[in-house]
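The chain below stands alone, shown as structure tokens; this is the form predicted on its own.
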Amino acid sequence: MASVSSGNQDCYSPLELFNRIAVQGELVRTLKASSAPKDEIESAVKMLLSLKTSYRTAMGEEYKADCPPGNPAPRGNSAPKADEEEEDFVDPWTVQTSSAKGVDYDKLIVRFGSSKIDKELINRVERATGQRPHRFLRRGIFFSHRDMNQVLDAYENKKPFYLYTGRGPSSEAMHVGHLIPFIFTKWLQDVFSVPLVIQMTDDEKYLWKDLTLDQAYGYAVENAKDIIACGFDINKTFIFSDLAYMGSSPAFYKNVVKIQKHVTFNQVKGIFGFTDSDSIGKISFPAIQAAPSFSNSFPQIFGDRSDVQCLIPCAIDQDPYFRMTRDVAPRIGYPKPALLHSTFFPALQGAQTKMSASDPNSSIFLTDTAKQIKTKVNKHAFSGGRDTVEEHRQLGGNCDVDVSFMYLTFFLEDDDRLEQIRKDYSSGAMLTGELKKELVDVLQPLIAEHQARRKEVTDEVALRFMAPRPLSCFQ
């Protein structure tokens, strides 16, 4: 039984060190319990101590099994320090920041150990595709990546890759923020002409929410219709419900089991913050979200090929799932998935939190009427304007915290017009009401056009997208 490879511990992120300590600690316990040779136990203990030293150097504090980096430590009755209160908190279920500007993404890149999407990478995408980079790339909305250069290497060398993204269907109605990964994924599908798999994690929502299995699956189908309305090509796209697909696909389930065998309870506790009172369904779910990262989970598309590179566009709060996946991949003989991370879409009330599907005033929903859109923006969109018109004319507004301007950066295609709005609002030449009108004028036709496309997506169309089948772009 071998120890965790030491590699160059300086290049590991704190979370990777934390996970490696958990794995190595379990190995030491196993060796001792099985009365392994003394030198083997001593070697494993030495590695464990070395990892803990590296962790202490990186974090400035001792390793604690119940306190993964980036999660608030259990404090009992002691009050948090001021700097701890200001620290952003991001995991797959919670996003919190005290800053009206939103999460500090530069710090998050460092904490998660990913790479910034820089101008050089954007230029390379443009050269490879022959297409102008999407506005989400131009404006830093997709801001971080893992191994995107490897995907471009494969593409330039005529080697295949595929796209994987997903949606957790917690209600029938989706909001505009939910569209962000799908708008970008459609662009990637179009410019690279590659297969796409979209996972509907209805099983996850059943485990985490107060839903029946039938409700969760029903939401998956309804959400799939909104996703299809983004314009995906049925010949290149497979949308699947976990509840429906996993039971009919031995290849998918075999990969789930392989992943489950190579991830310990300590690891998932460290990565996801699970506790002893969480259901075993929650604890095992990360393996299900990891499985689509491997091409042989879809034999109807890729046959028995396990070497097709996967690229995952997603919001960065989903990265913990795929850090785990990337750690497991080489141990089960598969390539690591690459990732493209997006920023969070702010709630109307401000960038401190993600939106809530349970609060209809926290965002613009895809079912909203033109009147509802106008009312929500005018009444609820957090403003970076001044208290009085006179003060605003003199000092100008703050685009960094103004939600209407943030939304325009996502949805207004014209770069020159966006820059003019920024200048006018910052200088005081444009008032808050005028900025909100600019947003309403962008959102109303965008939502109306989506609703028109959505009406064309019948149950029959949705089920055709969700039927396991070959895809014409991979033969």
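Residue positions are given as counts along the sequence shown, with the first one as 1. The shown structure was predicted, so the numbers you read here are calculated from the model rather than taken from an experiment.
Below, we refer to the form predicted in complex with a further copy of the same chain, which is not included among the displayed structures.
Heavy atoms within 4.5 Å of a further copy of the same chain in the model of the complex belong, among the stretches 162-170, 238-246, 123-131, 341-349, to residues of 238-246.
This chain lacks the partner; the member of Tyr206, Tyr105, Tyr321, Phe232 within 4.5 angstroms of a further copy of the same chain in the model of the complex by a non-hydrogen atom is Tyr206.
Only one of Asn149, Thr369, Ser279, Thr388 lies close to a further copy of the same chain in the model of the complex, with a heavy atom inside 4.5 Å, and it is Ser279. In the model of the complex, at least one heavy atom of Leu213 sits within 4.5 Å of a further copy of the same chain.
Taking the partner from the other structure, a further copy of the same chain in the model of the complex has a heavy atom within 4.5 Å of a heavy atom of Ile283.
Under a 4.5 angstroms non-hydrogen atom cutoff, a further copy of the same chain in the model of the complex lacks Arg139 among its neighbouring residues. Contact check for Leu395: no non-hydrogen atom falls within 4.5 Å of a further copy of the same chain in the model of the complex. For the three marked residues, Val257, Phe265 and Ile288, a heavy atom of each sits within 4.5 Å of a further copy of the same chain in the model of the complex.
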